[in-house]
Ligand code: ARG
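Form predicted on its own, single chain, as structure tokens, below.
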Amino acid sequence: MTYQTVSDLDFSLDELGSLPQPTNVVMTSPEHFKIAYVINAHMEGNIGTVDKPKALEDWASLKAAYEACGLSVDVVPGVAGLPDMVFCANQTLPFLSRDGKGKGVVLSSMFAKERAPEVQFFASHFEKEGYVVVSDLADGSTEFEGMGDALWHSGKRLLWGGFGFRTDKSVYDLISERLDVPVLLLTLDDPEFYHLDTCMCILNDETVLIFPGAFKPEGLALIRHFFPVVLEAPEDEARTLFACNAHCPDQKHVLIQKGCEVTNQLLRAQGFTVVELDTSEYLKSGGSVFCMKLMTW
């Protein structure tokens, strides 16, 4: 049940089961965050440049913004020697069973060896929380980076799956089978948009924010097929301010890096409330709002 073109489709959204909106936020404390190596294009030239007090302040502001939206935030402690663990969208893919009664996570198999040890700490966290932990991909034989590349369609049992840099296309066959969901495949081939969450932000069941230049024509056609409203972030805001790494946790508020003026106008015109935040220290490492949290049920 994986699909790469509109002509491949054999289902409609109306035929799919519903998926409740997740209401719990997981974040990782940032005391060990720094740029110690280069594993993406944004890290180039930024080793050792993180302003630690500002990074701590920016993280706290993001946590407070989620709490102001009425969401609870669980904090997984950061671990010394794992500076990218703060980007906690990447280590797992949370899911609900079809009947909505069982919670689980698919463990990631990280592309970069520097990040591979992060996964075990999230496995332990979710085991303690009573989640079923699916470790089929965690043997290191392939690559999958959780909700950096796999995004739930709002309100539906449907996944969007990015591949090309951090995630191997083949993993989506297994994920589709294990979770009993169709997966829409999107090729990524621009190194600055190395995860799907850097160029696609699902706002609600009808609206998505994208940088169109990150996608091939067949991928854009899939996006336009399933979303009546497609907002297009300008290239400068998408590349330098990570406009599409925003997050709408409640179908109303959009948490986004400050300064995305054109994108913010598009969002407000659709009735969203824009919450501007400063994640500039994390931008140096290739991440912003969406990367710094994980939504769970």
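Just so it is clear, the structure is predicted and the values come from calculations on it, not from any experiment. Throughout, we count residues from 1 along the sequence that is shown.
Form predicted together with the ligand: not shown, discussed below.
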Against the ligand in the predicted complex, would residue 162 count as a contact residue? Criterion: heavy atoms within 4.5 Å. no
Is there a heavy atom of residue 144 lying 4.5 Å or less from a heavy atom of the ligand in the predicted complex? no
Using 4.5 Å between non-hydrogen atoms, is residue 153 touching the ligand in the predicted complex? no
Any chance residue 279 has a heavy atom within 4.5 Å of the ligand in the predicted complex? no
With the partner omitted here, the residue among 27, 43, 69, 266 that in the predicted complex has a heavy atom within 4.5 Å of the ligand is 43
Tell me, which of 172, 215, 126, 194 has a heavy atom within 4.5 angstroms of the ligand in the predicted complex? 194
Just one of 86-94, 200-208, 222-230, 72-80 has heavy atoms within 4.5 Å of the ligand in the predicted complex; which? 86-94
Heavy atom within 4.5 Å of the ligand in the predicted complex - qualifying residues of 97-130: 115
